[in-house]
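The structure tokens that follow cover one protein chain in two forms, given apart as structure 1 and structure 2.
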Structure 1
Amino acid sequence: MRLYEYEAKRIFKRQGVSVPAGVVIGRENMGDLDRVVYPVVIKAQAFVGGRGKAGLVQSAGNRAEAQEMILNMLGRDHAGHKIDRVLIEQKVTVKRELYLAVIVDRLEHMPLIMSSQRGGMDIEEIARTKSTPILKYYLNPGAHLNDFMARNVASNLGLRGLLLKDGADTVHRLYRLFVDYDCKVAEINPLVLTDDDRILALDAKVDLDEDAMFRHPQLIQMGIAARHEVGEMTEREKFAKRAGIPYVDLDGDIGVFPGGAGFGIASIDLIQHYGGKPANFMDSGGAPTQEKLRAMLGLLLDNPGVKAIFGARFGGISRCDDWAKAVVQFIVENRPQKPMIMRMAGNMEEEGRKIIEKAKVDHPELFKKIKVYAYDTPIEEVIKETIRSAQTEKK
């Protein structure tokens, strides 16, 4: 879960990693521009990088200039995100730009501290060309960062004399932050040495582990909670989020009601492969409740773009009987007019089958456009049939 720069910097401050003095400004608190000591740097707040090139990081010498720039930035779109806040920071004079990051290395499966004497926008280029060495310091998971390790990293940052201690302190604090907040990434680029020999985090990128949020109530107190990171959310996506359903709108006409995240991805591929257009991505999670299953179907039914619904349940931890009950109840309550082409197999398949058959007998009129195939029908046949149904509906 990525944080905005200003959120990351709030955590930095808590952990004692120094950042420039700054204020977050939106339309509602432009008055706070009076509190700022100029000159300043204005940075639009967005998850997506490339702000510099997009003109979303600018310098202002006075209040009027700042206000104009901010009003110009607010509301702008940056790679699918609407800018609604900027971070204004006092400008500092930079002597050196360094790079420091702690990351979960998924290749080695260890925490990794990376440092380089050159930081800034071209760090990836530096890494690729090896023009400046990037020190990689691996730690055993669960290990404490010993003082000497922090000093080794600070030494690699080129910090000497009294600065060695300050640098080691920053490394320590960043590593503590990485551990204490369950980060996947905690990155400072650039970490700068100012002309008056202060070490400051000029930028801050933090990616938290969503799955560890339960043990960080302090983040919720800080207003940092689970969020949708890619683009602006649609109404349906917002509704899904409140219902705890990972859901992304796509622009097709086939509603996808899959079992499991992995097969959700696979079914989108398959629909495209066979010439269909999926209307969404969705994930039911491990063993969804019947309420959740019905909410998932509701999202598809209410979407006017959806012409047909593809459904699949391969009962593992989630059982076919539970799935069948939820589907039947949904159909009885909502009387869908859209075709629903589905397949149900796996654990408790027989019990599930009986539930569906009984419902068909009880409500024959509701099941005209609804099919529930079994184990012996390949899933791809079900997908193809759904695509055909969608095309028929459109005519």
Structure 2
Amino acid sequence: MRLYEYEAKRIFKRQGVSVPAGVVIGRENMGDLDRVVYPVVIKAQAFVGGRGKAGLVQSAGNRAEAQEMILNMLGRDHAGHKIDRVLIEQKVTVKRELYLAVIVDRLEHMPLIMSSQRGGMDIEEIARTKSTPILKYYLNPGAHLNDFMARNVASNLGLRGLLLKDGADTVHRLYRLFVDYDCKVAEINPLVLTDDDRILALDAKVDLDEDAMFRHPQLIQMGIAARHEVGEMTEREKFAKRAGIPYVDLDGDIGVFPGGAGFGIASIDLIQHYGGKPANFMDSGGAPTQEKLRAMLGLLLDNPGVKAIFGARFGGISRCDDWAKAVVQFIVENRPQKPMIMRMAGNMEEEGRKIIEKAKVDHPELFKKIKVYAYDTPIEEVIKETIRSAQTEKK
């Protein structure tokens, strides 16, 4: 569960990590601009990156400039997320930009501290080109960060003298925050050295483990409640949640209509493996009702980015004939124009196939882009055909 920058900085301050003085502004509290010390930096609050390059981080020298910039930002869309608040911070003069983060290395199953003597907007490019080393420090799960390692991290950031002590303290506090709040990510980019030799977290990124939030009632007191894993929900995700359908929008063009969550994840991997781009994750759960199955298909047809739909049903607890009835009823009622390439096998498969074949005879025009394969067609071939169909639809 990702936090807004201002929320992450509230936790930083609580843990003793230094951040610039700031205030959160929305349309309802524009009057708070009167108590701001100018000049300031105005930063739109969004869960996704790229704000600077999108013009959503700007400087203002006075109240009038600030208000005009804020009103221009509020309501804007950034990568699918609407801006409804900004963070105003006192502008500081920066001598150096550094990078510091604590993450969970999912391959090593260990906490990992990462640091670099260069930070800022191009950290991904730095990591890709290796123009500046990104140093890594592993710790055993639950291990205490000792003073020597904290000083070593600070030293490798290029900090010396009194700044070495302050830097080591920041490393300690960030790692402690990571552990105390059950974080997945605690990142400062950039961690800056100011012209008056202060070390400040100029930006903050924190991802929490939503399943562990019950252990942190202090988050509720800070106004931080459980929400979507990556960011604000899209309208389709909100609908799916109300309908009890586990669903996440992705940025591809192949709608995924699977059975359980495990095969849903495997489908996404296979689509990507064969050169396609999945448009969503979805899970029907065990023995879904026909109403739920039709709602799942509706989510995919509602997405204008979806060019073709890949579907698969293995009848175990669920029944293939129930699945077939839901598919047929949805097609007859909604008359979709997008190709649907699917595979059905397992419990009540023969009955399900008869339902599909009868529908093709009764409604040949509606089913001319609908294919439902049997168990003897490898799922890989069904996915490849779906990818080809999506590419054809885009032309």
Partner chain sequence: MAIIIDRHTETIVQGITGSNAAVHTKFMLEYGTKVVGGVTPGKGGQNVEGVKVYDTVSDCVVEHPNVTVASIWVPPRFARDAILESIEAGMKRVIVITERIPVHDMLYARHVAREKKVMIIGGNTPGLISPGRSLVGMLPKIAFGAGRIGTVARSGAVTYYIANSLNLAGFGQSTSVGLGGDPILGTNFEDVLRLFEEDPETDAVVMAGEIGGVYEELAAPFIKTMKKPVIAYITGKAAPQGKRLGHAGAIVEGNMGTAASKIAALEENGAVVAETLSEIPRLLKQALDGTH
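Since we're looking at a predicted model, the values are computed, not measured. In this text, rigid core is short for the largest set of C-alphas that superpose within 1.5 Å between two forms. For residue numbers, the reference is structure 1: its sequence is counted from 1.
- Taken from the structure described as the form predicted on its own is structure 2, whereas structure 1 is drawn from elsewhere.
- Relative to the superposed rigid core, residue 369 undergoes a CA displacement of at least 2 Å between the two structures.
- Once both forms are fitted on their rigid core, the CA atom of residue 314 lies 2 Å or more apart between the two structures.
- Once the rigid core is overlaid between the two structures, residue 71 does not reach a Cα shift of 2 Å, moving by less than that.
- Superposed on the rigid core, the forms differ at residue 248: its CA is offset by 5.3 Å between the two structures.
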